[in-house]
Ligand SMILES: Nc1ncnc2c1ncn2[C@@H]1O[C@H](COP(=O)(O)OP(=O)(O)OP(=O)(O)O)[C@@H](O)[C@H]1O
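In the block that follows, a single chain appears as structure tokens, in the form predicted on its own.
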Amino acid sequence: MSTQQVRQAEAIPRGQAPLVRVDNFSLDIIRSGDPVAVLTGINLTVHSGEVVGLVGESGSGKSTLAMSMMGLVPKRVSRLRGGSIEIDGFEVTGKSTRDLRGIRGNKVGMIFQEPMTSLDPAFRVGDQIAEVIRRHRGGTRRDARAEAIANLKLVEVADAERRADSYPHELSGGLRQRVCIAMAIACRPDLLIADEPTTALDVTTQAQILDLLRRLRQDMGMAIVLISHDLAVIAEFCDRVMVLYAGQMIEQAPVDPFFDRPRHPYSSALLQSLPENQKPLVELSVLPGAPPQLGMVAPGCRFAVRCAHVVAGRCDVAPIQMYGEDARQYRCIRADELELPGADNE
């Protein structure tokens, strides 16, 4: 069975309305008293049961977008420049912490990038999961602890009763990540945001964590937004992929067409830099240069200064709009002229 057939077999039927709707969302960060654009004109939808991958270099805005979907970007250092984010019809942007408590945990959960720093070292992991349950659902400490242990069993933590009494530093990286997942799904959210859930884990543990997320998606019907630098993980796990560059969405597409034939030069360059696409005894392909610093983007295509296909006077003059249809979009005026290589699937 092909990867596409497996993905179709695992897919959960979607409803008419998307669970998540990000509409022309733009956000500034206040730095030294001045607003600096970190996200510009982001559009994204996620349906129930769907897995969407966010990729891009460090600083592209992936985690900022995820934090914005949770309403976790501090208002004292940020400014909404425009647009909106809705989770199951609830408007997230502009809401107070009190208003957001109703969706955090209940509607949307998040696995943060580093489990050791997202767990409190002073409390046992079972108590931390139980606190999430009591805060959102109430109940007694005994009932919350029993449910916390049940959640540890759900994420396949062996000897869950004993592990619930462990402190984070007493657990391996893989076990800490499972605890974070148990905490994120404790109230059975409709959406799970996973920010680099396999970073710093060995290959075997990475595979176990991805299998766990896949099973939770099937059993609970959760939608998942997966942030990862690992394109192999995106190819294996996601239904759709969205590429961010310098705070802009530059391409989105179903996973298989994206890897077969990317429509943006940046996407193609990312795929060509994968080690598995390199020929033996040949110098590795690299993407030259670096993304622009915040607040220093040039007019026109933000990737133009690094692009091997740039045309002066066309690509670097005015902002580039998104082309294509809803299912497949790209921010490149030369996309129809270019035959860009994708991943080597041979």
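The first residue of the shown sequence is 1; numbering continues from there. Quick caveat, the model's predicted, so the values are computed rather than measured.
Beyond the structure shown, there is the form predicted in complex with the ligand, which is absent from this document and is the topic of what follows.
Inset, instruction - Can you check 56-64, 304-312, 317-325, 40-48 and let me know which stretch has heavy atoms within 4.5 Å of the ligand in the predicted bound form? - result: Within 4.5 Å of the partner lies stretch 56-64.
Inset, instruction - Find the only residue in A158, V203, A122, V77 having a heavy atom within 4.5 Å of the ligand in the predicted bound form. - result: Answer to the contact question: V77.
Inset, instruction - Using heavy atoms only and a 4.5 Å cut-off, determine which of I29, V297, V52, M70 is in contact with the ligand in the predicted bound form. - result: Selected option: I29.
Inset, instruction - With heavy atoms only and a cut-off of 4.5 Å, decide whether H229 touches the ligand in the predicted bound form. - result: Although the ligand is absent here, H229 would touch it in the predicted bound form, with heavy atoms inside 4.5 Å.
Inset, instruction - Although the ligand is absent from this view, report whether D190 comes within 4.5 Å of it in the predicted bound form, heavy atoms only. - result: Result no; D190 lies far from the ligand in the predicted bound form.
Legend entry - Partner contact for E196 in the predicted bound form: the ligand, 4.5 angstroms, heavy atom: E196: yes, in contact with the ligand in the predicted bound form.
Inset, instruction - Look up in the predicted bound form whether S84 has a non-hydrogen atom within 4.5 angstroms of the ligand, and give yes or no. - result: Outside the cut-off, so no.
Inset, instruction - Would you mind checking 302-336 for residues with a heavy atom within 4.5 Å of the ligand in the predicted bound form? - result: The stretch does not touch the partner at all.
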